[in-house]
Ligand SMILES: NC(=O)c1ccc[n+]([C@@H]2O[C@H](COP(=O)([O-])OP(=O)(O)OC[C@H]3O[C@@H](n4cnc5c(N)ncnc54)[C@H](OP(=O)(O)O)[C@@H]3O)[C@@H](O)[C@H]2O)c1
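Single chain ahead, by itself, as structure tokens, in the form predicted on its own.
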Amino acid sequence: MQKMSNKKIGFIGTGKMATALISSIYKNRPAKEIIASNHKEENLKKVKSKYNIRTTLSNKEAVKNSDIVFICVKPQDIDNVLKEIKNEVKNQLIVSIAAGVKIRHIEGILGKKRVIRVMPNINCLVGEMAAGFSKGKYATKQDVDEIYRVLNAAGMAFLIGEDLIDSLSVISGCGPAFFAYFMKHIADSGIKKGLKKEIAYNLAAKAMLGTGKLLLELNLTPSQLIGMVASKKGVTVEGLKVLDKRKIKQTMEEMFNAALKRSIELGK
């Protein structure tokens, strides 16, 4: 794990993704170096009681007391937030996780400020995030290095061109839901054959977790892993034949393209 800097981090918004990021970041830095803002006091009480970080009802105060500011609000709310904090942004690095909101749009409101756009995923709740991020024209190499450190504390992160953010968001952002969908229905099939629900779900979840670990730690491709499991005339092969017959590959591509289309639409 990379050594964390002592830069103060602020969060505007305390929704699910903001809370997930806070849960990973606070493990590697003093709580006093993190501040979160929300216009609803009840939302702040939840994050305050859980992580003991600083909280405020003022977005401006959160910016003033931060070196890095994560904008964690809904896309439809980001313009109002950016206009509200515009005059408070001096040397802070602005990091947006608002889906579909392009860097040039943020720069258009804030002016010549350092901006990075991040697409995280919910798995940062358990330190297994797969994230991608893109830099604005005024962001520096030092900013990129800092965001690598912050995000890698919650999993792994990749610097990519902003034109690829939508594709990445389908894989990593939507991925947990897609994988959980398949996991659920594999487990449900076992339940129908007599397995207890708790056992079936735990087996399926552990199989999914272990599969990812195998792929990463042994540096395997998915095809290589399939080959390791699916021996000729074996059990796995028979199941795979059904997937091929039902054209699941094409269905998954349609799933990807439908989600990608929606992600692009949100950015317009």
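Start at 1 and count along the sequence shown; that's the residue number. What you are looking at is a predicted structure, and each value in this text was computed from that prediction instead of being measured.
In what follows, reference is made to the form predicted in complex with the ligand, a form of this protein that is not presented.
In summary, the region of this chain contacting the ligand in the predicted complex, judged by heavy atoms within 4.5 Å and restricted to 116-124, 132-140, 151-159, 189-197, corresponds to 116-124. Of the residues K184, K74, R104, K86, just one reaches the ligand in the predicted complex with a heavy atom at 4.5 Å or closer; this is K74. At least one heavy atom of T14 is located within 4.5 Å of the ligand in the predicted complex. Under a 4.5 angstroms non-hydrogen atom cutoff, the ligand in the predicted complex lacks N65 among its neighbouring residues. Among residues of the shown chain, K206 is not one whose heavy atoms approach the ligand to within 4.5 Å in the predicted complex. Under a 4.5 angstroms non-hydrogen atom cutoff, the ligand in the predicted complex has A18 among its neighbouring residues.
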